[in-house]
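Before any questions on binding or motion, here is one chain by itself as structure tokens, the form predicted on its own.
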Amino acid sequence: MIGLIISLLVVATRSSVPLILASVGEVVTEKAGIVNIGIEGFMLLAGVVAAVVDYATGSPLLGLLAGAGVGFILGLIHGAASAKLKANQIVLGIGINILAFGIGVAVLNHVWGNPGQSAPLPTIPPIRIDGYFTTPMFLAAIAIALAAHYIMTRTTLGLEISACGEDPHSAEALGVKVETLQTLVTAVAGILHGLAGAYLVVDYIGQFTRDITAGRGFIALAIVVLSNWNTILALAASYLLGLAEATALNLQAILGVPALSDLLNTLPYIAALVAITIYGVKARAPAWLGRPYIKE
């Protein structure tokens, strides 16, 4: 029994990585006043590019970096359109999600001749800790979450980012270039979204499928609310929801009943809904979240 529990805890380190990266990135973005509901699309586009690069070069690391680059470009576009062009942030996110799904299927058809999935790809080697195998990306995700927490709570930059989401007019009066900072923050957060999508392909799953994200981008949005826009709490919530996913996978393997697979796959989503129902009502979003800042 103890061995099973430890195994679940270790598997959760792998399943929680994309949630940690995506939710931490979104916490920082929303603290700056920009909402990005296109995380799912960011992850899909980064994932398909990572798959193509990994397939062409045989290097999962290059695939991971390519995915991060895609996330940066998408974040820069989303940030500039939201902050400087005053575009509707919700519509932007929906558009990215729709576009990403179509591009993913098109690339699968063109490169692998299969609209559903790619060929198996080289993956990042795991690390061994006391007889158990996990991914080095889990350690990287923890480091990123801790670094983001330090920046947001202990530095002038963090205060300026928070000011953009709370009262951009006052921030501008104090010398903060609100539109530029919002754009850059969204672009940097896009790197984390891109890493999350690429990780699924070159580490966790080992191939690209048309539905590889499986709603993880939306779960990340739920984690942001659940964590009350706190990166450390987002890290903890991501791990717990990763544990729910690991539990569902283990139950499928143990029970071996195909009819229960779809039901068990809903465990992370049920856990997220229950958590938000209980704790989300106490959350307080940044005052200027999703609202275009127009200089007076």
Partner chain sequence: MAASGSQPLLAVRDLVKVYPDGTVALNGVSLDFMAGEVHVLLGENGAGKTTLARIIYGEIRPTSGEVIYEGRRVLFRGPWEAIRAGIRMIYQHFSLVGGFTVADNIALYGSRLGLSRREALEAARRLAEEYGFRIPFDARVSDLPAGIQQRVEIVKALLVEPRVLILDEPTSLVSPLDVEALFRVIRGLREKGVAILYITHKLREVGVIGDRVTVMRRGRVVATLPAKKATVDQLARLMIGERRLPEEPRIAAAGAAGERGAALRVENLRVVREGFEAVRGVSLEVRPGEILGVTGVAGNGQDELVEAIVGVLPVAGGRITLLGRDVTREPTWVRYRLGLAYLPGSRKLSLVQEMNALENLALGLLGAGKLRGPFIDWGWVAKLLVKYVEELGVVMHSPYAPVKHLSGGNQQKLALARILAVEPRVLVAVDPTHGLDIATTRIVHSILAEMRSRGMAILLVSSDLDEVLQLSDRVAVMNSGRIVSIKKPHEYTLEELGRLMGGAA
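From a predicted model like this one, the values you see are computed outputs, not experimental measurements. Numbering follows the first chain given and starts at 1.
Quick note: we don't show the form predicted together with its partner chain, though the next part is all about it.
Partner proximity in the model of the complex, defined as non-hydrogen atoms within 4.5 angstroms of its partner chain, places exactly one of 74-82, 156-164, 188-196, 131-139 at the interface: 156-164. Its partner chain in the model of the complex comes within 4.5 Å of a heavy atom belonging to A173. When its partner chain is considered in the model of the complex, K177 lines it closely, a heavy atom lying within 4.5 Å.
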